[in-house]
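One chain is shown next in structure tokens, namely the form predicted on its own.
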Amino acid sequence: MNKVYCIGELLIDFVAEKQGSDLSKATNFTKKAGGAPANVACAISKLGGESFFIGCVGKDPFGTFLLTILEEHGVDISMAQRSSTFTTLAFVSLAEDGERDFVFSRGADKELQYNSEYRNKFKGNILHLGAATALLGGSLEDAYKHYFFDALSQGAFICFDPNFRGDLWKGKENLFIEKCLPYIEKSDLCKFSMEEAQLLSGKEDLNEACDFLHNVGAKVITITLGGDGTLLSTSKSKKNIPSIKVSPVDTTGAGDAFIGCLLQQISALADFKTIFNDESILTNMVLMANKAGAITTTNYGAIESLPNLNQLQH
């Protein structure tokens, strides 16, 4: 089993459940652990993989709570850092159909410092770059770039998920695209939502979007389509992989469960190149990852709702 290193934010989601998708009308919030890369790390570990979280939280009760959650889910937190800056917070309001409204209060996640002692850890392993906040500046963005370069120089398998958050990039969408393209260019696997694929490619048609993103450099592309499954695109073919039917209550973390499940399966391969050469194996992996994403939407809270192996096998 190869190791998967997930770099980015770990934060508190204050979730207003069943109060509509308008935060201005929400009155009651429940504290949940969140942050896309942390969700992915938990998904990998919960399915039997070996995951590491690289990120920063505050030296406060929220930070302690978050690191404890990761440890309880089997994630290695030895590379995590703590800062005197308060832990990053996100406020999430959920409608009955699982759709959501986000507001970020950014704190310690941006304080992550690059540690050159880790540069040799990536050889033969996987680096997942999936931070919603990593391209917003701060030392986190510098660390993100450094670890990306380290992983590239050691021939690691690189996965990129842009995790676009519209509220964070209003009026700066072109800067977001500009910052994402170098990661797409060098990634073995890219995971996009439909909105992200269209934004980053400038193409409305998803097949054309895939062609554009392959030309940038992405080897394997997955575009998650909610209940309609996933568009899987390689240099050889494009196909829609179906998902299972569920009644969603919270879509938060579904994409993270999907990519976490996919990465866990890839980490179990003796040779990562198998996914480039055997499309049947990759297709079956995406089928399983779709199932993981769907199951996650049937409960509240991203990490708590992540499936285990037993749930996926039934």
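In case it trips you up, residue 1 is the first one in the sequence shown, and so on. These numbers come from a predicted model, not from an experiment.
The following text describes the form predicted in complex with adenosine-5'-triphosphate (ATP), which does not appear among the structures shown.
Visitor: Given adenosine-5'-triphosphate (ATP) in the orientation seen in the predicted complex, superposed onto this form through the C-alphas lining the site, is the binding site open or blocked (3 or more ligand atoms within 2.4 angstroms of backbone or C-beta atoms = blocked)?
Guide: Output flag = open.
Visitor: Could you check which residue among L175, L181, V103, I244 gets a heavy atom within 4.5 Å of adenosine-5'-triphosphate (ATP) in the predicted complex?
Guide: Spelling it out, the residue with a heavy atom inside the cut-off is I244.
Visitor: Could you work out which of G255, G63, G34, G49 is the residue within 4.5 angstroms of adenosine-5'-triphosphate (ATP) in the predicted complex, going by heavy atoms?
Guide: Looking at G255, G63, G34, G49 one by one, just G255 meets the 4.5 Å heavy-atom criterion.
Visitor: K191, G293 and T297: each with a heavy atom within 4.5 Å of adenosine-5'-triphosphate (ATP) in the predicted complex?
Guide: Judged in the predicted complex, K191, G293 and T297 all sit within 4.5 Å of adenosine-5'-triphosphate (ATP).
Visitor: With the cut-off set at 4.5 Å between non-hydrogen atoms, does G227 touch adenosine-5'-triphosphate (ATP) in the predicted complex?
Guide: Residue-level check for G227: yes, a contact with adenosine-5'-triphosphate (ATP).
Visitor: Should R119 be classed as touching adenosine-5'-triphosphate (ATP) in the predicted complex when contacts are defined as heavy atoms within 4.5 Å?
Guide: Judged by the heavy-atom cut-off of 4.5 Å, R119 is well away from adenosine-5'-triphosphate (ATP) in the predicted complex.
Visitor: Decide whether K203 counts as a contact residue for adenosine-5'-triphosphate (ATP) in the predicted complex under a heavy atom distance cut-off of 4.5 Å.
Guide: No, K203 stays farther than 4.5 Å from adenosine-5'-triphosphate (ATP) in the predicted complex.
Visitor: With a cut-off of 4.5 Å between heavy atoms, is R165 one of the residues that contacts adenosine-5'-triphosphate (ATP) in the predicted complex?
Guide: Result yes; R165 sits at the interface with adenosine-5'-triphosphate (ATP) in the predicted complex.
Visitor: Just one stretch in 217-225, 79-87, 104-112, 122-130 has heavy atoms within 4.5 Å of adenosine-5'-triphosphate (ATP) in the predicted complex, so which one is it?
Guide: Of the options given, it is 217-225.
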